[in-house]
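Next up is one chain by itself, shown in structure tokens, the form predicted on its own.
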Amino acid sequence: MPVIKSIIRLNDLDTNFVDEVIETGSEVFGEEIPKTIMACMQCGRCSGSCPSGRRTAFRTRKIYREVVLGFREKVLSSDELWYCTTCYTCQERCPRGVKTTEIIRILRNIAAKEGYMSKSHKMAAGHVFRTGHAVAINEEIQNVREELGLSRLPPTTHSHPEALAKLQDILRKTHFDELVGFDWETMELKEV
């Protein structure tokens, strides 16, 4: 006889979760894009075509089913939510036109506001605060650029400190530093 791992009670589900996702997404994308989550028929094309899903536990359709059913806490606290690379492969293959990548972004925004953000995303954000790039240029890349006849530094915040200062100002004004837990005095994350 199979062992029941846990019992799910209707009172434990947030039946308004899908409405929250649609409402939150509507503020950015308009109402139609987030509403497409309701068109998901669980065919699995998104999960089957996902590059991240081949190497991790990430299953787009599973997350969407959990959203619709009301597993709010489980979805928002899930590490898998952060495995999506936003490559749009799933969205291109969806026969129902579900705007999968945007919905993942909406879910991540809700999760981040509630204190759930993956360590790797926080670390990438830390690089953005310091350099303006999620992946800062290193000596090896500078050498390759030079070999290709390019300047050692690209024409980005690496070459334009005034642009980095403007970006950092935006990060402060939007309170993204608080969301991620970035300390401007040490130029490091408060917790990793």
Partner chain sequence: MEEKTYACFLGCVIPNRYPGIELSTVKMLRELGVESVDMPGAGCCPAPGVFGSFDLKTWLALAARNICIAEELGCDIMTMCNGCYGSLQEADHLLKGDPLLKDKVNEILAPEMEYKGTINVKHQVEIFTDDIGIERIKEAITMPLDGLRVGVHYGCHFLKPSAVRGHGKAERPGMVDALVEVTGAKSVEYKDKMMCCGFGGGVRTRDIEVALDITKEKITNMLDAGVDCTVNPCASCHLQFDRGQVEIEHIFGDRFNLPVLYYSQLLGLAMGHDPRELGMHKQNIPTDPVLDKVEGLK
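Positions refer to the first chain, counted from 1. The model shown is predicted, which means the values in this text are computed figures rather than measured ones. Only the largest set of C-alpha atoms that superpose within 1.5 Å between the two forms is called the rigid core.
Keep in mind the form predicted in complex with its partner chain is missing from the figure; the text below concerns it.
Task: residue 174: touches its partner chain in the predicted complex, heavy atom cutoff 4.5 angstroms - done: Yes, contact at 4.5 Å.
Open item on the list: I'd like to check something about residue 105: if you look in the predicted complex, is any of its heavy atoms closer than or equal to 4.5 Å to a heavy atom of its partner chain?
Closed with: Judged by the heavy-atom cut-off of 4.5 Å, residue 105 is in contact with its partner chain in the predicted complex.
TODO: Using the partner position in the predicted complex, report whether residue 179 sits within 4.5 Å of its partner chain, counting heavy atoms only.
DONE: Looking in the predicted complex, residue contacts with its partner chain include residue 179, since a heavy atom lies within 4.5 Å.
Task: 4.5 angstroms heavy atom contact with its partner chain in the predicted complex for residue 38 - done: Residue 38 lies outside the contact set for its partner chain.
Task: Residues in 102-126 close to its partner chain in the predicted complex, defined by a heavy atom within 4.5 Å, in order - done: Residues within 4.5 Å: 102, 105, 106, 108, 109, 112, 117, 118, 120, 121, 124, 125.
TODO: Spell out whether the Cα of residue 149 moves at least 2 Å between this form and the one not shown when the two forms are superposed on their rigid core.
DONE: Yes, the C-alpha position differs by at least 2 Å between this form and the one not shown.
TODO: Kindly check if the Cα atom of residue 122 is displaced 2 angstroms or more between this form and the one not shown relative to the superposed rigid core.
DONE: Comparing forms between this form and the one not shown, the residue 122 CA shifts at least 2 Å.
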